[in-house]
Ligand code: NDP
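Next up: a single chain in structure tokens, the form predicted alone.
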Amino acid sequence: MKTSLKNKWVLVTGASSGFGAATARAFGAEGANVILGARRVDRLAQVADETKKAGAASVHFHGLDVTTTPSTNAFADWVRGLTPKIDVLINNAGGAHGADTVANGRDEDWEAMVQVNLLGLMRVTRAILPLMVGNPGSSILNIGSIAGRVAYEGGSVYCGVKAAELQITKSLRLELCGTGVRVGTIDPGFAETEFSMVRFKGDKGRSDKVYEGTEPLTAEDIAETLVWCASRPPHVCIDELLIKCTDQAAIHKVHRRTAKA
């Protein structure tokens, strides 16, 4: 049985592109009230327009930098001016920076990943929780990664912060048991968004190589999954969901097609 998301209040972080933008549009198509946060406010305006056209009951956006507590708290104060409750929180803001070994890693890359993927998740959740604990059936859906389950070379910090996301999700579910708030993690494998372009600092050739010869997941695939999780009946919690493209049997086992002559 599907629970209607019409007129529900849905908050999406990292909503200016990729999973976040697709998620905004997907929840908009369900008739939800969609709240968007990200650093790139100009991009948010475009996503907000697309979300409204998709059928959202209302769309609101505001600058949000999850790497700072003042920005996160100011965003939460603004949200409270819109609605006394949040029905769905999508903690999507995140990303990888670099693919260096531990021996060659750079502080600025490490710190960026810890701030956005780990501390950012904690800051937003702490700030928005008061709008959810009195709202049984609400959902916190965190975007994790297959990297949080299986390590790979050059991914030490990213794998580490995504493993932390998984454990934070589990802890939060225990802490909120009895409130009716559901907590889950959606962990994608290969998915073609701006992820690799950011990781490789704009090197398109290197980014394209990651997905060469495969049919990866799309942002829309993840967005549809998030809508499905959020629309389960209030007594159903999707704790953990690992989602990969068919070409990726495991993190190191990927089928790649050779180009035809």
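Please read these numbers as outputs of a predicted model, since none were measured by experiment. In case it trips you up, residue 1 is the first one in the sequence shown, and so on.
There is also a form predicted together with the ligand; it is not shown, and the following applies to it.
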Q.
So in the model of the complex, is the ligand close enough to residue 194 to count as touching (4.5 Å, heavy atoms)?
A. yes
Q: Flag residue 75 as yes or no: does it have a non-hydrogen atom within 4.5 angstroms of any non-hydrogen atom of the ligand in the model of the complex?
A: no
Q. If you check in the model of the complex, is residue 143 within 4.5 Å of the ligand, heavy atoms only?
A. yes
Q) At the 4.5 Å heavy atom threshold, is residue 162 in contact with the ligand in the model of the complex? A) yes
Q. Looking in the model of the complex, is the ligand within 4.5 angstroms of a heavy atom from every one of 39, 116 and 158?
A. yes
**Q.** Contact residue in the model of the complex, chosen from 207, 33, 67, 225 - any heavy atom within 4.5 Å of the ligand
**A.** 67
Q. What is the one choice in 198, 236, 57, 45 with a heavy atom within 4.5 Å of the ligand in the model of the complex?
A. 198
**Q.** the ligand in the model of the complex: contacting segment from 126-134, 167-175, 99-107, 185-193, heavy atom within 4.5 Å
**A.** 185-193
Q. Since the partner is left out here, which residues of 89-122 would have a heavy atom within 4.5 Å of the ligand in the model of the complex?
A. 92, 93, 94, 95, 116, 117
